[in-house]
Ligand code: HEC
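Presented below, as structure tokens, is a lone chain in the form predicted on its own.
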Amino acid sequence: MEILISYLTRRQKGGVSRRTEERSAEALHFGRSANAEVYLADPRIRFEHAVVHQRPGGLFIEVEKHSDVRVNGQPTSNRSVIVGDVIGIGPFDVTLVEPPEGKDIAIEVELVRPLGDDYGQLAARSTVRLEDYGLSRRRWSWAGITGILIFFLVFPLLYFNQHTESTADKTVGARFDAVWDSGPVSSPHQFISDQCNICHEKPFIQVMDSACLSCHAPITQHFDLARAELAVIPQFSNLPATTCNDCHREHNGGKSLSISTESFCTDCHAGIEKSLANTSVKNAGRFDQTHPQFRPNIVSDPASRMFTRVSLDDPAALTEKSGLKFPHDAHLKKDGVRGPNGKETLQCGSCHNLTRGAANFDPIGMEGDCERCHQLVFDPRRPDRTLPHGQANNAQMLIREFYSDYGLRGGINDVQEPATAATRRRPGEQAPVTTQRQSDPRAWADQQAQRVADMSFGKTMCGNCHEVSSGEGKGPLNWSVVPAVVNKAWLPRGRFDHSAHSDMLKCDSCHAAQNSKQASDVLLPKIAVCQNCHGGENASNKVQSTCITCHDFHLPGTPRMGNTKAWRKHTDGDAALRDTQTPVAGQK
């Protein structure tokens, strides 16, 4: 409501001075509090004395407990009031007058009962100053300053200079320099929280990089400034002079040690295509507005283990050549698939195991995952003999040795001649040996081994899941398997915590595996899927996400922090800027 307040002061010659104030408030408070709309500066007034509300029936006054309020001379606690009423609040009279146009309430406030000489007499009889006790404020001030300097400067400084800590063993007991502690340290540094000298090597000087790098030795830079095309860019030139303290702030308790503002990254990356004309790094700004489309590192050549970055907006080039044949849709059939114990319905979690608390899934391997359904038994008459997975040459040699042994020793039926399994013989008697095995056991063994290899590699086992090829000299039995390269991280320069999403989202919310018919499909969601939930650092209706939410500043392959003299050039391009083919050995 709109309020007009007039303060009246009567002069000795009979005149009246008026001072007016205009206020806007939901209620009109009276009291000695600085927050009151009507401030009444008198010791007889309580901090919150009374309040007037505007209600549908008119104005209503509520009196605070133990407060002295009268309406038209009658003591009251709560009641309605109208224009013309005089409200006595302590020594003040508050008169409700007709409000002018545009105002809801108009009042006149006048001090009608001054305090008089009683207060002065009481103050004269009271002892409220140090001087009344014969103590000078100046002396106490100097004593306090001296005590502060001794206890908070001299003692801590002497202790700091005389105390040494060579190890990170927790110190027992108090220490004088603990008074300099500006706040609790972060969780990673709690184990040295009472050993100030480990980080603070010199008094009154910020923690130096040498102290940080004594523990964090392998920390690397963001890029290699030794490259000529980078050294001339002004916003990059100051990076070697940046200290650990510029980006990491300690003694903030549970807050992050690292800078998390978007501008820390976007100051360079928002216009990096203009700064570096030949770079393949895209301009990147706020995540939900100007972040480029994801460009996963996909396998381009499994034989040489090479990777290529391809945008998700380029479906023609988005084909991963991992050397595998794996149709997701065939394993995620709603009516189930054939398993060792009959038909069963598979889910994503049947193969992709996410350890509780882990960021990524456990690697999928033949042993423990695929072999439950896909047995590598090459001869049904000997289900106990299986081929070694991932060893194509050894598997072919095992097949050849297996049939060579039987060619010489017997004990297995020849499938190309009439079976002799039904022939009755005494216990312990070997099966009859065929004519071919009697005349040329080696030829028979080679023939059997080649037949089984052609079937196992080309049709029934290896060829079902792997890219295989046959030809003279490609293996002991002329078969070779293209090495399978399973991509562990499509976005090696980014971080993604599956465990933080698995409790609220289903796998198919982001990965369309049920519609994938080929292993070459890249089942990575586009950035728009992430932008449904994640916004910029100031987002109010989405998860606030900054650059360091998903990206690291310190990148592998770049020079070490704190070693500006050891900047080294990379012949294959800057580690932070290159995004062409990268060997799998360099993936992290």
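So that the term is clear: the rigid core is the largest set of C-alpha atoms that superpose within 1.5 Å between two forms. None of these values were measured; they are calculated from a predicted model. In case it trips you up, residue 1 is the first one in the sequence shown, and so on.
The form predicted together with this ligand exists for this protein as well; it is not shown, and the discussion that follows is about that form.
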{"query": "Option touching this ligand, based on a heavy atom within 4.5 Å in the predicted complex, out of 361, 159, 402, 92", "finding": "361"}
{"query": "Answer option from 306, 111, 212, 86, heavy atom within 4.5 Å of this ligand in the predicted complex", "finding": "212"}
{"query": "This ligand in the predicted complex: contacted by all of 222, 251 and 266, heavy atom 4.5 Å", "finding": "yes"}
{"query": "Residue contact check: residue 555 to this ligand in the predicted complex, 4.5 Å heavy atom", "finding": "yes"}
{"query": "Residue contact check: residue 355 to this ligand in the predicted complex, 4.5 Å heavy atom", "finding": "no"}
{"query": "Heavy atom of residue 504 within 4.5 Å of this ligand in the predicted complex", "finding": "yes"}
{"query": "Residue 106: touches this ligand in the predicted complex, heavy atom cutoff 4.5 angstroms", "finding": "no"}
{"query": "Options 204-212, 440-448, 135-143, 94-102; stretch whose heavy atom lies within 4.5 Å of this ligand in the predicted complex", "finding": "204-212"}
{"query": "Partner contacts for 489-508, taking this ligand in the predicted complex and a 4.5 Å heavy atom cut-off", "finding": "489, 490, 491, 492, 493, 494, 495, 496, 497, 498, 500, 501, 504, 505, 506, 507"}
{"query": "Is_shifted residue 152 between this form and the one not shown (CA, 2 Å cut-off, rigid core)", "finding": "yes"}
{"query": "Did residue 496 shift 2 Å or more between this form and the one not shown, C-alpha, core superposed", "finding": "no"}
{"query": "CA of residue 189, rigid core aligned, shift of 2 Å or more between this form and the one not shown", "finding": "yes"}
{"query": "Direction of Cα pair change residue 359-residue 252 in the predicted complex, magnitude 3 angstroms or more", "finding": "farther"}
{"query": "Outcome for the Cα pair residue 276, residue 220 in the predicted complex, compared with this form (closer or farther; change of 3 Å or more)", "finding": "closer"}
